[in-house]
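Take a look at this one chain, the form predicted on its own, written out in structure tokens.
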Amino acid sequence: MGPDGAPSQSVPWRKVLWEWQPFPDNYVDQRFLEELRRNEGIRQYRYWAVVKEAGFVGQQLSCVAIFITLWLYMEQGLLAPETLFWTSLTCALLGYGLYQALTSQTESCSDHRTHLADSQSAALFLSFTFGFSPVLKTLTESVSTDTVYAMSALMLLAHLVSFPYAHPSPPGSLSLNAALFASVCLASRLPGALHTFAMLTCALLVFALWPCLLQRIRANAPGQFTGVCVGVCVGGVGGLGSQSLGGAVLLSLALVSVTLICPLLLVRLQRHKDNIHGPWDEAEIREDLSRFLH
């Protein structure tokens, strides 16, 4: 029964718009709620499955912490740029070999890049980065240090917020550009051009190449994915703790919140979800209309 009441006529009401009926426009009969559907197609989450997926968020947060820790060691003169560069290069080669080992036959056929093309891209990046390091070193000389640190913190936050955690291979352009911008700002505050070159090489490894390898591990070696994420988180907390105990405590709290508390809240609040569907929903065209586009 509609809000205006049903008329006394014996004409049955029909849900049509192309003919006149002796009923108000907002009239519906008693069958209106018979088509009510609740929580149609709702996805049920399991706690530990959500925790496993949230591990990607936690390890990315730890990667930022590891990068900041390396920068602090470089700024304090506790880490030589040569050591950082050769360590990054070695890790990149090992990661590339592992990436190729985890690549399935189907993925190998769909990817037409060769090892020579990958080597040329790496050599081109290293050459241009090394050549422009003196320029990048003096890029922010006219900007105050506080402003550089503020911009770096903002860009790293933008990197974490815009990172495509569902499909991180390759990383999103906004996320990667924000991370590289922050890396350039921080690297410009290091003592020399070689420090800048080593720091930018490390930034490419952490923010561009590592997410691709981790995504390949998640897809083709899911049993090792959780262990890798835990190792990265432990490394991030330990590295930051060597520089700042308060920073390590804050990072630990953030990791616990992201990987344990937030999934628990998601699973608990899922039972209170109440989506209703019925004849008031917008019409959906389920027929394939692609043939009309030709």
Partner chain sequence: MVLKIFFPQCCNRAESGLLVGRWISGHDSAVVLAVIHYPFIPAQVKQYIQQMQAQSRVDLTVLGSWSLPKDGQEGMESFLRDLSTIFPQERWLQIRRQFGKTGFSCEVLSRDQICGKNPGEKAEKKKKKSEEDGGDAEREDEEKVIFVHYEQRKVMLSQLHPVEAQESGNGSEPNSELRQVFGTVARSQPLFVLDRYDDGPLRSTHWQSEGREASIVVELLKRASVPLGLLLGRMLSVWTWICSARILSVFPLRFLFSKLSTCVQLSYRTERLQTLGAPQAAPQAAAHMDFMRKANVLVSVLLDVSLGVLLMSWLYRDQNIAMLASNMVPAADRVAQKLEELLQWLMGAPAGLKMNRALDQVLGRFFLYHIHLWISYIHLMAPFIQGILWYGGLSACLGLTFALSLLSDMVALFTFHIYCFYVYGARLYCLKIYGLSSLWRLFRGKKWNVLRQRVDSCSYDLDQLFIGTLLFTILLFLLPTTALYYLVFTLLRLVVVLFQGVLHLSVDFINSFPLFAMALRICRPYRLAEGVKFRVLCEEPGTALHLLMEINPLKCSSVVQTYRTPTYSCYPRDSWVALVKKLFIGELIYPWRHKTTKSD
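Numbering follows the first chain given and starts at 1. Not measured: the values here are computed from a predicted model.
The next section is about a form of this same protein that is not shown, the form predicted together with its partner chain.
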Suppose contact means a heavy atom within 4.5 Å; in the predicted bound form, does that hold for all of Ile66, Leu89 and Leu157 with its partner chain?
no
Evaluate Thr140 for contact with its partner chain in the predicted bound form, applying a 4.5 angstroms cut-off between non-hydrogen atoms, and reply yes or no.
yes
Is Cys185 near its partner chain? Define near as a heavy atom within 4.5 Å, in the predicted bound form.
yes
Pro171 within 4.5 Å of its partner chain in the predicted bound form, heavy atoms
yes
Is there a heavy atom of Ala221 no more than 4.5 Å from a heavy atom of its partner chain in the predicted bound form?
no
Thinking of its partner chain in the predicted bound form, which stretch from 68-76, 89-97, 213-221, 123-131 has heavy atoms inside 4.5 Å of it?
123-131
Exactly one of Leu84, Val206, Ala193, Leu200 comes within 4.5 Å of its partner chain in the predicted bound form through a heavy atom, and that residue is Leu200
